[in-house]
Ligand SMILES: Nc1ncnc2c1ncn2[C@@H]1O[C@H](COP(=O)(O)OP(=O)(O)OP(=O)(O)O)[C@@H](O)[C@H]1O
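Form predicted alone, single chain, as structure tokens, below.
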């Protein structure tokens, strides 16, 4: 079952994406094991899961930065998973990636304005026009171009560097932003400012965003839908208001119960043990070895994403069922 929002053509379409790495004694490490989802134009999809769930590997494979072992990826109707070389670089102009550490996409030897100009110059924009646009972009992300255009990244605070990284990301007018924990390294007050900036850009520029985060409160605030990833597989996908208020999958509930200060009118779902190794994942449902609701069927049959309410859940015994 495909976890879609509507029948219109999605901007991003991922089908049965797999990424395996060579492991010890020849056993493959199954970092992403058959992930399927769509992202509609103008939508913000959050991807959540604990450390080791495969979030970063998923987006690197999705963007062909580390090509997948199998599966397909379409962006705006074009199958980028079949492209290589110059054609892939051209197709990637529709997508920009924003990292947790903004310094990773900025050259410390370059001034701010030169870092922002680089993608525009690569796209054929003249130097004069690129610098004019760069100053506008610095202002667009909430900084004074007269003060910051000539600075080096090392002279800026974490929040300021992330604003510059965002300016650089939107310089070529991408259709899709993929954000890998873009606020997790920032102070709480600065996080709120950057989240507000993302919301403004989405509204004003019509951006579509894939937003990876471990912070469910951030996802609840800025995302339309959320995909819950566990050991390289999707557990649950659906509207934020449904998945995070009335989860169907026990793993989603466990993530929510791990958030301090949550009011509860029932017993908490507590995860047992450690995340299994992706080189030797459990049979059947990958979550079953830590699930308080696991039964015999869970060990022998892989659950498929099936509709429940307005969401999709991969669980033989979901906590919430369709009406």
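Positions refer to the first chain, counted from 1. Computed from a prediction, not measured in an experiment: that's the story for all the values here.
Unshown form predicted together with the ligand; subsequent notes refer to it.
**Q** Identify which of 256, 64, 271, 29 has a heavy atom within 4.5 Å of the ligand in the predicted complex; exactly one of them does.
**A** None of the others qualify; the residue that does is 29.
**Q** Is there a non-hydrogen atom of residue 56 within 4.5 angstroms of a non-hydrogen atom of the ligand in the predicted complex?
**A** Contact check for residue 56: yes, within 4.5 Å of the ligand in the predicted complex.
**Q** Would residue 52 count as touching the ligand in the predicted complex under a 4.5 Å heavy atom rule?
**A** Yes, residue 52 lies within 4.5 Å of the ligand in the predicted complex.
**Q** According to a 4.5 angstroms non-hydrogen atom cut-off, is residue 68 in contact with the ligand in the predicted complex?
**A** So residue 68 does not count as contacting the ligand.
**Q** Decide whether residue 278 counts as a contact residue for the ligand in the predicted complex under a heavy atom distance cut-off of 4.5 Å.
**A** Yes - in the predicted complex, heavy atoms of residue 278 and the ligand come within 4.5 Å of each other.
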